[in-house]
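Single chain ahead, written as structure tokens, the form predicted on its own.
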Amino acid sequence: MSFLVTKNNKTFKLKDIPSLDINTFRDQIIKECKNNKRIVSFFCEKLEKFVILYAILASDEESKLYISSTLFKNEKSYPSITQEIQSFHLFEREFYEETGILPENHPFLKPVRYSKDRFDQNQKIEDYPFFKIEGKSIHEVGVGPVHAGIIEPGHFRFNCHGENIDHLEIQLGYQHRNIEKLFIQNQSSFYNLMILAESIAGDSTIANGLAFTHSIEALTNTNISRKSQSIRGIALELERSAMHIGDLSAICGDVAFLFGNSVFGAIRTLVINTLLKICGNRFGKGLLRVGGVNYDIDTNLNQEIKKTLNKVSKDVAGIADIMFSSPSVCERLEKTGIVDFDTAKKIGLVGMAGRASGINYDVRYNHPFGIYNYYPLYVLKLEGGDVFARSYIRYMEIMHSINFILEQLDSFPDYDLMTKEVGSIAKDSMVVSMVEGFRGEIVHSVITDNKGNICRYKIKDPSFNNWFGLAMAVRDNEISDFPLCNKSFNLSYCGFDL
């Protein structure tokens, strides 16, 4: 048997994960990926005398995860998987940066984050080997890492022929919060770990918080009440709606549709203020806890949320109709920054960006968690793969989320929250927790040792998959289109620079 077959948020024993020799491990991964499975996570655990490399694949149609491993003792290299499966390119680069184990013939083997404990301390961020195009008419344009707006650091290096972009290389790794190791250092308190999870990416507080709570609840065999699950689902959809509305506001600003920019911005405030009324924080901090939630939604608040969201739904529909029927807006959005289906599939786009290119995948549907086990959401997708598609699918998802929340509130359980006490963490075990954040698939993988302590906490933000999608989107576009393409993805720096 080459893989352990499991599901989202299911605990399993480490001894049940097959350990293959590296060539078999590689061959089986390539075989399964060519058989319509895809990479979810690919990470190592560094022990005193050897390195264990784990691969987590997903069969989305079956709602199953396939997990395998290989052991490196003295081996210093292996044949690169990226040669056959392009979506592995960043995962293998990360593995090499952490361990120095070389994926031979990797086509783009460059540093990822320059973390403090990287194997090669001589690699420095200022010496990054940017790709260069030679030619009399070719020129380079550098943007960042310090930007004009108040955003996080990242460098964009454009190779241009006149105004046309031939190639964009994105260099990240400017901030190192050491957050994965902090999960291990602060595990004496679930409260401390909850704060950490909420701080992975501030605009995905609920999504990362859910991935964390689900993983610990699975490891402690804790079942939470349906009411707590419903409140969690409401909070996740409020977060999704608020961030999508904010993104539509930013996209309107980039195409000088200032009416839309202002109106979407005002509507977003209504949504995040709804989270504030539930838990006292506009981003949902403090709402979640291992075993349930900290705040209830009573009858009065239930009615208030419904009233607010009915107004939000009406207002979003109104301004979206004006935005997407405006010739001047559509002229800028349509056919700009295209990532076609085949490219999106090859590079492993996830979330809204993938669905805008025709990829039929959403964790809430394909690997349901929490309340979505009882109220599944169908997958929304478009085919265009351009800025228009990435904008319009946001509008579709906003309306979908609001309808879901209203449905939850209409059938809201009237019994107590029944917040559960949590037991001991399973020993020598692992769990993979997947959540659909507003950008896409968030994955937390947790490994415990023989004492029930967390010994590896691995986080994958959807931006890890999608930054390369932005680089592909801007090819053959004018450099003035980059800000618009960038906004249409709205990827996370801090979610990437862990």
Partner chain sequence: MLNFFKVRINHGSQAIKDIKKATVNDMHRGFPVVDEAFCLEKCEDCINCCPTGAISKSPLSLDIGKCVFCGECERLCKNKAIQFTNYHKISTTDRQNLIINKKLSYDDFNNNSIKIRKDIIKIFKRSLKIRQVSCGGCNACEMELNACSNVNFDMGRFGIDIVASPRHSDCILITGPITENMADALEDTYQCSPNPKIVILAGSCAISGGMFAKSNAINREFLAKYKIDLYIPGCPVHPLTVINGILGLLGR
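Numbering follows the first chain given and starts at 1. Quick caveat: nothing in here was measured; it's all calculated off a predicted structure.
The form predicted together with its partner chain is left out here; the points below concern that form.
Of the candidates D416, D321, E163, E104, D321 is the one whose heavy atoms come within 4.5 Å of its partner chain in the predicted complex; the others do not. In terms of contact with its partner chain in the predicted complex, the residue from R289, H167, R226, R332 that brings a heavy atom within 4.5 Å is R289. Although the partner is absent here, I125 sits close enough that one of its heavy atoms falls within 4.5 Å of its partner chain in the predicted complex. Although the partner is absent here, Y191 is a contact residue: one of its heavy atoms lies within 4.5 angstroms of its partner chain in the predicted complex.
Its partner chain is not shown here, and in the predicted complex it never comes within 4.5 Å of any heavy atom of Y378.
Among heavy atoms of K116, some come within 4.5 Å of its partner chain in the predicted complex. Checking 311-319, 350-358, 384-392, 82-90 against its partner chain in the predicted complex, the stretch whose residues place heavy atoms within 4.5 Å of it is 311-319. Site residues G253, P327 and F341 are none of them in contact with its partner chain in the predicted complex, judged by any heavy atom within 4.5 Å. Heavy atoms closer than or equal to 4.5 Å to its partner chain in the predicted complex belong, across 142-159, to the residues P145, V146, H147, A148, G149, I150, I151, E152, P153, ordered by sequence position.
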